[in-house]
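So this first bit is one chain, no partners, the form predicted alone, shown in structure tokens.
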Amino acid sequence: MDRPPLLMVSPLPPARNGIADYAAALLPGLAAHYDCAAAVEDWLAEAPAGIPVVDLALAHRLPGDGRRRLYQIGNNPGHDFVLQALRARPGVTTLHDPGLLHLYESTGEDRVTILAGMRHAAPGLAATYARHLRERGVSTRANHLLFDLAGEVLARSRAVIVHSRFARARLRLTHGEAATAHVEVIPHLLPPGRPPVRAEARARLGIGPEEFLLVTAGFASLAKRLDWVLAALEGLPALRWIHAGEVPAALAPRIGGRARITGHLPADEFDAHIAAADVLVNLRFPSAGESSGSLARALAAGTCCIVSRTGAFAELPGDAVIALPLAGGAPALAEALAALAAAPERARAIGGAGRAHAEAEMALPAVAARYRAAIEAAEDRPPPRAEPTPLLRLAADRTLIAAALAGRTGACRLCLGLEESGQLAALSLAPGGLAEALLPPGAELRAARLEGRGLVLDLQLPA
């Protein structure tokens, strides 16, 4: 039987992007069910053998232009082209991180779009935080926890895949049942190939057989709480610490005084560091529901993992990891590390249980089969009809409105401030009526109503 065509739109290696690695690992599993191709922005991107890589602008030339589409979206600027492609054509989207505010900010999205998404995600908070951003240009770390900006992805996707029940629940709490009925949970994927043998990895890195090695991995964002690791190790001088990844310049002097920082590593070196560890410390606070590629690699290698009991990490079986409470993070971590260093056989037992869980739930054939089921179920399903996203309050000025609507398509909502009560009458009596007076050509006015001193317009914009 011929395999139906599928186009995956995603970054791919050599991009320094965990989602690029995920996409490359997933493609061979999908190729068992589909005639796969990969659409990318970087012409140096590398796909697995037998899977063609095309420039996204030329993807329409592939045989079977009606092919199914699978998008991989994360919260960093490497996924701007994926978001643009989803806007042009709906498909199934893997949402690796519900908190997409950084993606929108770092790719130059206009302020109106960002503020509209903030209001849609948390209208009760947006009045204050959006005003800070709009009037003073102030955007704090709190914004990235409170405003996920996932509404557009939910509205434009035939189905959305997340990696945890926590992520799905967070989306439902924010966006409602109707807008998230098509969200499905598929566990994170194990990395391809066999992980390095622990003894060989330790020998390769020069780690003595009796040394207790703690590894942290990936880009050291503040949420990974390396400050807790540093505090926990103050009373454990015999433990060796390697950070396998990059550390922000502001943190590097503090961390570098206690740990060896490797910087970005090729995949085989990264895997060797994780396999060589007695314990991988993979903390998160705060967590927005993100998953962790380095955690998946550690589970595959049978490395004991210490995680925070929060978000997606709280869903792991109790015998497969050590889950620390968020309260008293550093002291709890110090206690756990001291216990494992005194009884390394316990660390190996926990690592073995973690590997058994990962092989049962996260192996490529099982994950690819679940992707296939989600893609096929969504094939004939239109994108959900989301509530039109409210734009910021604008002045009732035709030029400002045209600028705010530029590049938009589909359902949209405007909230226009009226300077005086007579302004509405004047607009309504203008030649051609309200729509002619305010809206650009092609914009269809579906409904209008007064809310306080604002005029709310529901529009349908041309594709």
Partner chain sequence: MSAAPLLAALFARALPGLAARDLGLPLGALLPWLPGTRAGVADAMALDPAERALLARFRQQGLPLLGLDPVAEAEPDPAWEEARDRLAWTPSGSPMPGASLTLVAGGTGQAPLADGLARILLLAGCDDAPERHDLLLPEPRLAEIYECLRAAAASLAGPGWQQGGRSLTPRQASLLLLVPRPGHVPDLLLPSAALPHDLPAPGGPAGLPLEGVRQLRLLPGALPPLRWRLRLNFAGAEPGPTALFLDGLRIPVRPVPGGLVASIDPPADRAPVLGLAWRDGAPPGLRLMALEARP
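In this text, the rigid core denotes the largest set of C-alpha atoms whose superposition between the two forms falls within 1.5 Å. Numbering follows the first chain given and starts at 1. None of these values were measured; they are calculated from a predicted model.
Below: the form predicted in complex with its partner chain, not depicted.
Chemist: Residue-level contact is defined here as any heavy atom of the residue lying within 4.5 Å of its partner chain in the model of the complex; does Ala406 satisfy this criterion?
Modeler: Output for Ala406 is yes: heavy atoms within 4.5 Å of its partner chain.
Chemist: If we define contact as a non-hydrogen atom of the residue within 4.5 angstroms of the partner, is Ala45 a contact of its partner chain in the model of the complex?
Modeler: Result yes; Ala45 sits at the interface with its partner chain in the model of the complex.
Chemist: Using a 4.5 Å heavy atom cut-off, state whether Pro440 contacts its partner chain in the model of the complex.
Modeler: Output for Pro440 is yes: heavy atoms within 4.5 Å of its partner chain.
Chemist: Looking in the model of the complex, any heavy atom of Gly422 within 4.5 Å of its partner chain?
Modeler: So Gly422 does not count as contacting its partner chain.
Chemist: Of the residues Leu58, Ala430, Ala32, Ala395, which one places a heavy atom within 4.5 Å of its partner chain in the model of the complex?
Modeler: Flagged contact: Leu58.
Chemist: Find the only residue in Leu418, Ala411, Ala435, Val53 having a heavy atom within 4.5 Å of its partner chain in the model of the complex.
Modeler: Only one listed residue qualifies here, and that residue is Val53.
Chemist: Any residue of 13 to 38 with a heavy atom within 4.5 Å of its partner chain in the model of the complex counts; write them all down in order.
Modeler: Contacting residue: only Pro14.
Chemist: Core superposed first: is there a CA shift of 2 Å or greater at Pro48 between the shown form and the other one?
Modeler: Stays below the 2 Å threshold, so no.
Chemist: Could you tell me whether the Cα atom of Ala37 shifts by at least 2 Å between the shown form and the other one after core superposition?
Modeler: Where the cores coincide, Ala37 shows only a C-alpha shift between the shown form and the other one that is less than 2 Å.
Chemist: Relative to what's shown here, the Cα pair Ala178 and Leu405 differs by 3 Å or more in the model of the complex. Does it come closer or drift farther?
Modeler: Compared with the form shown here, the C-alpha atoms of Ala178 and Leu405 sit farther apart in the model of the complex, by 3 Å or more.
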